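Presented as structure tokens, the chain that follows is alone, the form predicted on its own.
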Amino acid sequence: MIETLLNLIVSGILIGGLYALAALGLTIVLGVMRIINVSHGAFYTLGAYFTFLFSVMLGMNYIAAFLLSVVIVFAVGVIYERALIKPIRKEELNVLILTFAAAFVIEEIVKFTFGPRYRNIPPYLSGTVTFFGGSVDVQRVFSFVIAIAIVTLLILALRFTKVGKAMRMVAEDEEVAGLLGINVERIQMVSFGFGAVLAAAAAALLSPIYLLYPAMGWDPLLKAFAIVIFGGMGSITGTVLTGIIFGVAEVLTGYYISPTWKTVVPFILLILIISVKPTGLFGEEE
């Protein structure tokens, strides 16, 4: 019994790390640009389908397909921000409506291009790793390790690089950042691109585990919003820990209660936490 529980917790942590990666993109955009990007899930979808295109349809090595996919999604995110978000960024309601509409447009483009049926990317790693007497797919472990590596690089970049420091300054106070000579609009553009990349990277890492379909971005979008709110707006630590909490909660619920309940439990946790602490787990009162 204990071995089963520990093994389920390990599985939840592995999936939760990937949830956290996707949610971090939303955290960055919310923190730096202060907008609600409903099309975040659409970038997740693009990341999955670009990976499918390059690795399955064109026969590229998975790692090369992964890297090419995130580069392309970054470019798409930058163009998207310049063409659509920048002109109306100060109008929060319009941004919300526009990104919502754009998500549907991207979904229909994917459906038209790849068709409505489910797709899959064959696992590029086989075998299992033993944890506490149970086994976990090497594929999941590898995806988790890559996700943690990306998160670590992101944290280091935000702390030590010039662009990262500028992003933190803009997130802290946009006007002061401008007075200090920071090109605020450029930093916001880069931040939006990074947000799209993190969603795409999470999708690419999860693609060999889950099926692909044109509307696949909505569930990760809802999870990402729940994770960001639960962890505390703008808190990277809160986002990572909450992603893992949600992953573990899903796996335990699916095993001990019912698979139909596993997607509901994280949102029940969200309701409970904001009832007790409206700013989230690591959020601070303004």
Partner chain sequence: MLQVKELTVHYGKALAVENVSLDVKEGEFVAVIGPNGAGKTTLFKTISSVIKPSSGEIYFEGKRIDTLPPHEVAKLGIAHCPERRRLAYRMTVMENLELGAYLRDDREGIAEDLNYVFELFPILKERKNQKAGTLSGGEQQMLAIGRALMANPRLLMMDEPSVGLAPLMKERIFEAIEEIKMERKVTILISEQDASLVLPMSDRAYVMETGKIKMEGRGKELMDNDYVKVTYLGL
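For clarity, every value in this text was computed on a predicted model and none was experimentally measured. Numbering follows the first chain given and starts at 1.
Just so you know, the form predicted together with its partner chain exists too; it's not on screen, but the next bit is about it.
Visitor: Pick the stretch from 139-147, 101-109, 159-167, 76-84 whose residues have a heavy atom within 4.5 Å of its partner chain in the model of the complex.
Guide: This holds for exactly one stretch, 159-167.
Visitor: Ok, P116, P122, G127, G181: which has a heavy atom sitting within 4.5 Å of its partner chain in the model of the complex?
Guide: None of the others qualify; the residue that does is G181.
Visitor: Which listed residue (V151, V95, M216, A171) meets the criterion of a heavy atom within 4.5 Å of its partner chain in the model of the complex?
Guide: That would be A171.
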